[in-house]
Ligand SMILES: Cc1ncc(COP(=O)(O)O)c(C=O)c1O
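Quick heads-up: it's one chain on its own, the form predicted on its own, in structure tokens.
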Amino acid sequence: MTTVLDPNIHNLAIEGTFDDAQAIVKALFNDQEFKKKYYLGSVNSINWARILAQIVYYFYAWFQVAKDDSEQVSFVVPTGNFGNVLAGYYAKRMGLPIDKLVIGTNENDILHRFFSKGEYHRTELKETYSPSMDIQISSNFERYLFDLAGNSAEKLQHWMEDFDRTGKLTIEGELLKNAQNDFVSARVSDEEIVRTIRDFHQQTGYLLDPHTAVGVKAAEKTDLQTPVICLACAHPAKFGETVRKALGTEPELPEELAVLEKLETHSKTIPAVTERIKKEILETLAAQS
């Protein structure tokens, strides 16, 4: 993104985490007047269209594996923001014969703690070998909680207000059983990521990126009785240091990625403060008018 130098493209880097960035985006979207006036949009899984598109490849993948119309398949999804696996949940609700939806988390395991113990409790964010999953507050999880709450907007609002205030949401009893009927989960450490990349490469010749390795290891930790599809996430060459820890050498960058290192870039780093982002937007628009 930072190599696009067109005058109408402005890249902002914030001094913070993914959670900080996503909280800012949501705050801007919740300012309805600002959102409408400046046509704010999102291309990550906050955008419902992203979920709709992801539903499609669950059906496509099932058709590649299932031997007949009723055969069930399990999907293992490395996830931090809960968008991709939520698409799988909706595909199952639409009638796709899915047995298990397995959530693979890294050491930022808030989703695993929820589905194993009913504890959606925010903790300190850890930097891991699978950085796209270094998330504590999963944006799309709120969409699943709406279903879990029996489509009660009032109950969901109560849960989320409590979570915003305390950093904790706890469920138990029938609600927890219902959640565990929908999803199973596993936590994968950095050490397990490295070992899985090494072992899988030795056994198959296929080079996993660290995020996909989370999914593969999560599948191994889960008792799955049906054919398993593990969703792959990224090119391993984007994570050279982790691959080197596993194999002793870094993967060669594809030409499409290697050429980016030689291009001029443009971005601006600013504090992770919603009003600061809003001010930057307004000043940029004013300068161009």
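Residue indices: 1-based, along the sequence shown. Because the structure is predicted, anything quoted here is derived from the model rather than measured.
Not on display, but discussed next: the form predicted together with the named molecule.
- In the predicted complex, the named molecule lies within 4.5 Å of some heavy atom of Phe82.
- Remark: Ala27 does not count among the residues lining the named molecule in the predicted complex, judged by a heavy atom distance of 4.5 Å or less.
- Residue contact with the named molecule in the predicted complex: Ser74 places no heavy atom within 4.5 Å of it.
- Contact annotation for Arg50: at least one heavy atom lies within 4.5 Å of the named molecule in the predicted complex.
- Only one segment in the set 157 to 165, 83 to 91, 113 to 121, 172 to 180 has residues whose heavy atoms sit within 4.5 Å of the named molecule in the predicted complex; it is 83 to 91.
- The contact with the named molecule in the predicted complex, taken as any heavy atom within 4.5 Å, belongs to Cys233 out of Cys233, Ala61, Ile55, Val228.
- Of the residues Val102, Met133, Val216, Ile137, just one reaches the named molecule in the predicted complex with a heavy atom at 4.5 Å or closer; this is Met133.
- Residue Ser45 is the sole member of 26 to 46 found to place a heavy atom within 4.5 Å of the named molecule in the predicted complex.
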